[in-house]
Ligand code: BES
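The data below hold one chain only, encoded as C-alpha cells and taken in the form predicted on its own.
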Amino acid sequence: MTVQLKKTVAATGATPITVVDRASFQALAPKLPAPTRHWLAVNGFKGAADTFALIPGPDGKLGQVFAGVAGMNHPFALASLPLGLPEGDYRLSDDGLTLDAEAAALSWELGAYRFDLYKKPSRAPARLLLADSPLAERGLAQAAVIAATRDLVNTPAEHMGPDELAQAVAVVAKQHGAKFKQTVGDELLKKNFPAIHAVGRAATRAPRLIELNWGSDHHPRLSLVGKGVCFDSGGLDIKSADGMRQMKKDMGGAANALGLAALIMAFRLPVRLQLLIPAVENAIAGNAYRPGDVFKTRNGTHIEIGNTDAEGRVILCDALAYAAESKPELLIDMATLTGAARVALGPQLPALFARHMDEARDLVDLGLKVDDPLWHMPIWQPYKSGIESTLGDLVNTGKSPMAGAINAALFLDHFVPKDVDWLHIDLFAWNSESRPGRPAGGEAQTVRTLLAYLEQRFA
C-alpha cells in the first residue's frame, strides 16, 4: 500500500499537499505569499484537475505541492500524484479543500497501480500519510480489490487459465470464510452443464464451473455470474491475429464479478451471495465444437451454433439457468460479450441491460455520480426473431449484424425466468489508453457503481 494510515500526520515531516479546484484556487491565490503566487503563475498552475505544481522551500528542497482536483469526493482526485511527484512522503494540508478521506485513499492507490508481474518498475510511487478513519479504510479496501481485478485481466493466458482463475476465487473465498467448489471437465456433463463443456472441451486445460457461496440463509439471495473465457481464439471460426491479440482479457467479466463479490463480503452486505464463473479456453482441436452443431443446454433449450466465436453467451446460458434455480432476488451477469457494445458505446461505457426501466435509470444516474459509468440499452423483444433457429430453439448469432449487443442480451434473457430481477452488463474490462488512475490495460468497470447500488438496496 502506498497510503499509510496514521493516527496523526501533522508532525511527520511529510511534504504538505494543498488541494484546490479552479474556484477555490482563484479565492486562495491572493492570500498566498508573493513568491508562491508568482511561482504558481510562472508555472501556469490554475487548479485544473489532474495538474500539480511543486513549490520550493527556503532551502531549495521541495516545500509544498499544489494539486488540482475535479471534486472533493472524486474517485481519481489524487491519481496523477503518486507517480508524478518525487519519491517520498506526503500529507494533505489543512489549506485549500478538505478532500473526502475515501476518495483520497482510493485515488492515491489507484494512481500508484502498475502491473509489475514481469517488469520491474523504474521507481517507487510517492507515499501518502493519511489520518486513519473508517472512510479511508473503505477507500483502501476498494482500491485493493480494483488492483486485484486489474491484475487478473492483465495476466497473460499462459498464467491465467481456468485452473488459475479457480485458484484466485478459492483465495478470495478463504479470505472471507466462503464456501468454494468447482465442477471440472467431463463432470460438467454429469452435473448437466453441457454448454460449458462444449465450448471448453477442445482445450488442454479443462473447462469448469467455479462456485462461491457466502452469507446467511436468512438474507436475500444475490447471484453474480461472470464470463470466464481465459483465452478466445474464436474456435473453428478463428479470429484474426489482431482480433486475438488481447483475448487474455476475455475473462474480464469473471474478474469484475469476483471483485464485486469480494467487496460484498468485505463490507458484509446482508445478502446470501452466490458467485458463478464458467471458466473455459475457446480452443481449436479435433474435438472442438463446430458451426452448425446443436446442443441441449441445462434448462432444456436446444441452441444452434451459428458461430463458435460467440462462445461467451453459450457458457453463460448454463450458468444463468443454474443461478435462476435458487430463485435469487437479484441476478447480475458481467461479461466481455460483444464488439457491438463497444461500437455503440466505446470502451469507457459498459452496456447495461435491465428488465425494469426505473432500475436502469437509477443505475445510470448512480454510475455518473460515482464516476464509474454504464449506459442503458434495451432488451428489445421484437428483435428476438433474429435469433430463432430452424434446427433448435435459438441460434447463438443473429441473422443480421445489426443490434449485436441486443441479440446477445436476448439470447441470455431466454435462460432467466421472467420473475427474476436480472441485470446484464456487457463491458470491455480494458483501458485502451491511460488516464490518471486508469492505466492502459485491465480495468474494473461498474464494480463501484454496483456496490453502491447493492448497499442501497440491501443494507
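Worth saying up front: this structure is predicted, and the values here are computed from it rather than measured. Numbering starts at 1 and runs along the sequence shown.
Although it is not shown, the form predicted in complex with the named molecule is what the next lines describe.
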Within 4.5 angstroms, counting heavy atoms, which one of the listed stretches 326-334, 339-347, 193-201, 361-369 is next to the named molecule in the predicted bound form?
339-347
The named molecule contact in the predicted bound form: residue 133, any heavy atom under 4.5 Å:
no
Considering non-hydrogen atoms and a 4.5 Å limit, does the named molecule approach residue 159 in the predicted bound form?
no
Is there a heavy atom of residue 232 lying 4.5 Å or less from a heavy atom of the named molecule in the predicted bound form?
yes
Quick check on residue 309: any heavy atom within 4.5 Å of the named molecule in the predicted bound form?
yes
The named molecule: the contacting residue among 174, 181, 302, 239 in the predicted bound form [heavy atom, 4.5 Å]:
239
Which one of 249, 208, 91, 150 is close to the named molecule in the predicted bound form, taking close to mean a heavy atom within 4.5 Å?
249
Going by the named molecule in the predicted bound form, which residues of 374-398 come within 4.5 Å of it through any heavy atom?
397
